[in-house]
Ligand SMILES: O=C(O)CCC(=O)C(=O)O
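Listed next as structure tokens is one chain, alone, in the form predicted on its own.
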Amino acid sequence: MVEKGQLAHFETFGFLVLRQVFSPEEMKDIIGAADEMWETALTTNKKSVSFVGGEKDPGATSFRYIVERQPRLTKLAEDSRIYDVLKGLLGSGFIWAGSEGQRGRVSTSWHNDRPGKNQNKYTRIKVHFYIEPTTKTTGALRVIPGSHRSPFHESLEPLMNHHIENNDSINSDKNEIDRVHLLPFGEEGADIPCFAFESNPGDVIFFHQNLFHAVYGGLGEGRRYIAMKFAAQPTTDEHIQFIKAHTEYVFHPHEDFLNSNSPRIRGMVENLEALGAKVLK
């Protein structure tokens, strides 16, 4: 359940932090399952892996469908500690929008995941947790509170332009963390005022995907996270077009979710193909 104050926090600031949602014993199992998936993908299923720095510099690897393919991780999507919070934030009938896992060194400049006019009118949430401790200077997720809301959101668009133009993801020598990139607001990215999600395994953050966020100092070899993405039930053609613009694959959920025996899992995906069929030519 989402308390009234938690809902107000999310609507106002664009994120919600829950501490120690999962116990150390549970995290041990989650970490083991994630590591198994990464190793399997790197050896037998490279089509599901993308190397953030390219295969010649695989400093960070991103694995698609990590939750869908691993039953021990699939449980996260239907766990009441996650599911009930999402129901409170997104309403009934919310949909599954995929998962990812990443490990390795990477820093990313300020951006939002769903750029575009009126995108912030449709709520999409990323549920994000690291599986080892992170601090502000060692790769913790940073967010700019309230940046999912207009007109504040639009005033920060120069950050998005800078992210696209400069491609600030850092994937090579560690000394590159010292590079200076002056932003339109006259400060380096790492100095922009923000909330840093400093976390320990078991902590979870829910954040609106229109919220501006970044990672700095995340060059550790063992930095790992798992993320799940969800969206409010699309009720207009505009919502469908928003999904199509950024995540058309949402309309084609993984077969393991389509064939799931879990009512919660099926409920998040069973109508997606039909929705996609209405708009995809």
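Each residue number is its position in the shown sequence, starting from 1. Since the model is a prediction, treat every value here as computed from it, not as a measurement.
Quick note: we don't show the form predicted in complex with the ligand, though the next part is all about it.
Although the ligand is omitted here, in the model of the complex all of His111, Phe207 and Tyr225 have a heavy atom within 4.5 Å of it. Residues placing heavy atoms within 4.5 Å of the ligand in the model of the complex fall in a single listed stretch, namely 123-131, out of 74-82, 185-193, 143-151, 123-131. Taking the partner from elsewhere, Ile243 is found to have every heavy atom lying beyond 4.5 Å of the ligand in the model of the complex. Interface membership of Ala34, defined by any non-hydrogen atom within 4.5 Å of the ligand in the model of the complex, is ruled out. When the ligand is considered in the model of the complex, Val215 lines it closely, a heavy atom lying within 4.5 Å.
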